[in-house]
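First comes one chain, alone, set out as structure tokens in the form predicted alone.
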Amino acid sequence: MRDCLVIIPAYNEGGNIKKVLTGLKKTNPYIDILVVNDGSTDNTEAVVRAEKVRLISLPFNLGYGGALQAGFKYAVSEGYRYVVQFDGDGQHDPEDIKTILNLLEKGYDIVIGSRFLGRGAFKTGFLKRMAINVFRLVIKASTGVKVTDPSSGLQGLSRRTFRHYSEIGHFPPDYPDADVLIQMILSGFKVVEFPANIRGREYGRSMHAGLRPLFYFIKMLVSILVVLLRPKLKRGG
């Protein structure tokens, strides 16, 4: 079995992706890297090809979750043991991958790099901060597990986790978030957080810019409600 695959979903990250790949290759030379180019309209694909890492180039934009799921399917088919989700905007620190792998080796299924546990200088807008606070409370109330950063894009996954995510209907195409975590914790998957070093984006626009946090908040509330009601609906049906 091959060991670890770093999956980077990338949409119009041509200004950031070369630096991200250079940092990953320098810090983790023995780890495989896969970029999922999510229908970018800039030069992301050309930059990645020049860096000679694994590349899946989607013909159109699937969304963050859809790009990740394409990576999970690749990881399952190639027999990887672990997957690390890593953003292509330069905000994640390649040094944190060592911590992720250590925690996966200890038996955790989902290892979350939290932006709110003391490292880095991460700041977020009011709407998103409010949404994250609400989802923290919902996760704690519904599962008993404290998660400070349910929307973190820096995550390590065990093979049974990304195999589950790779199957149809088990992973949302847009925002995998608190709804997925609640479902996984209630299904017996072990989740842990560590303090990640988050840096500022240098180029491009966040997928959570503008009014998107408001849409994200409403959509996530509905999705969480479905997750919590699904067992009762099945028993009743």
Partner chain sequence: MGSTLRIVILFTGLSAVCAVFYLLVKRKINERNSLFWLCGALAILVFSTMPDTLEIMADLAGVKYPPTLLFLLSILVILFITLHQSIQISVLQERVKELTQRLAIEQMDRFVQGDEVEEYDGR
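Positions refer to the first chain, counted from 1. A quick note: this is a predicted structure, and the numbers were derived from the prediction, not measured.
There is another form of the same protein, the form predicted together with the partner chain; it is not shown, and what comes next is about it.
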query	finding
Joint contact, Leu34, Gln69 and Phe171 to the partner chain in the predicted complex, by non-hydrogen atom at 4.5 Å	yes
The single option of Val192, Met184, Leu55, Val47 touching the partner chain in the predicted complex, heavy atom within 4.5 Å	Leu55
Which of 88 to 96, 102 to 110, 161 to 169, 141 to 149 sits within 4.5 Å of the partner chain in the predicted complex, heavy atom basis	161 to 169
Contact test in the predicted complex: Phe116 vs the partner chain, heavy atoms, 4.5 Å	no
Contact flag, Lys25 vs the partner chain in the predicted complex, heavy atom cut 4.5 Å	yes
Leu62: touches the partner chain in the predicted complex, heavy atom cutoff 4.5 angstroms	yes
4.5 Å heavy atom contact, Gly188 and the partner chain in the predicted complex	no
